[in-house]
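Coming up is one lone chain in structure tokens, specifically the form predicted alone.
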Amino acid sequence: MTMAPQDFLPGLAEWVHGLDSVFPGKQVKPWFAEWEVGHILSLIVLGGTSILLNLRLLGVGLTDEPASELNRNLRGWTIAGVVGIVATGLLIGSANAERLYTSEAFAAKMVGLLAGIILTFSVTLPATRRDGELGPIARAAAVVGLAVFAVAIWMFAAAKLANPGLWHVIFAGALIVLFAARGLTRIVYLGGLAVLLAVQQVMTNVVYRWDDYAHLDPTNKAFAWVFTAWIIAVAIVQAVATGRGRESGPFVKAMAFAAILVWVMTAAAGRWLAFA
């Protein structure tokens, strides 16, 4: 089963085919690279502010000032990053619509973008504005955002030739937990990662030849699941162990973790469009 936009919206094929010959696609196409740079810069701005704000909810990073103060300083940049990504994405998409229409990675990116917007405006901004507190409506929206994010991950995992990009998300999750973990938890966690990495290298470079894809592919997929399980388990332990600090409680910390990863996943899916 493929999950490209053409599979969900087959009736749009003729309209999509002509998008690069009408406004704004026709005007954007000669300047595609410049608009692409704008798209990447918007992602950098959004990614940077999202990391700083959500790490603050996790209790690490810029902890010298209240989360609400950090929100006041970065809220405008966060919104500008979201607007920039959507606006430049629509423009470069109109100039490259036919290719995106057949891309499973693009479909995953769009669902991830929706999840990112939901989590940013239901968790990141309101929770930092209220120093870690979230009301019932925001919590419900956060759960919806997390569910949409799960769908995006599932779609990315099923995207042919692009799904190795999920390793970017796994590594990002590993680094976030390493940064947020403390004391003995960090030592045990780092040791577990080191063991998993060593075993994976032995399996994929010693036990199996570099071109033995029949064994390498399922082995790497299995390790992806094991890494993910280890990262999530330690993240849960850390969130529960720290409890309700002056930053936020376990629920908000979990949502902040997802709010960082969703933009990593969206960026990774976008970069892997070329391989789909």
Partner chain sequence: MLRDFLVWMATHLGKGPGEDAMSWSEALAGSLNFWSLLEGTHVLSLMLFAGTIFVVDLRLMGALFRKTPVSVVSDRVLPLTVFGLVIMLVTGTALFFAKPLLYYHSLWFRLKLVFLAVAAINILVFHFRVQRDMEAWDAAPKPPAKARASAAVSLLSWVLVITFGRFIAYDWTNCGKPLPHWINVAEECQRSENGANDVAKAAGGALK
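Everything numeric here is computed off the predicted structure, so don't read it as measured data. Positions refer to the first chain, counted from 1.
There is also a form predicted together with the partner chain; it is not shown, and the following applies to it.
Note on the interface: of 146 to 154, 95 to 103, 168 to 176, 124 to 132, the segment with non-hydrogen atoms within 4.5 angstroms of the partner chain in the predicted bound form is 168 to 176.
Taking the partner from the other structure, the partner chain in the predicted bound form has no heavy atom within 4.5 Å of any heavy atom of Pro218. Not displayed here, the partner chain is approached by Asp64 to within 4.5 Å at the level of heavy atoms in the predicted bound form.
Asp212 falls outside the set of residues with a heavy atom inside 4.5 Å of the partner chain in the predicted bound form. Interface membership of Val226, defined by any non-hydrogen atom within 4.5 Å of the partner chain in the predicted bound form, is ruled out. Only one of Ala33, Ala241, Ala222, Val207 lies close to the partner chain in the predicted bound form, with a heavy atom inside 4.5 Å, and it is Ala33. Heavy atoms closer than or equal to 4.5 Å to the partner chain in the predicted bound form belong, across 32 to 70, to the residues Phe32, Ala33, Glu34, Glu36, Val37, Ile40, Leu41, Leu43, Ile44, Gly47, Gly48, Ile51, Leu52, Leu55, Gly61, Leu62, Thr63, Asp64, Glu65, Glu69, Leu70, ordered by sequence position.
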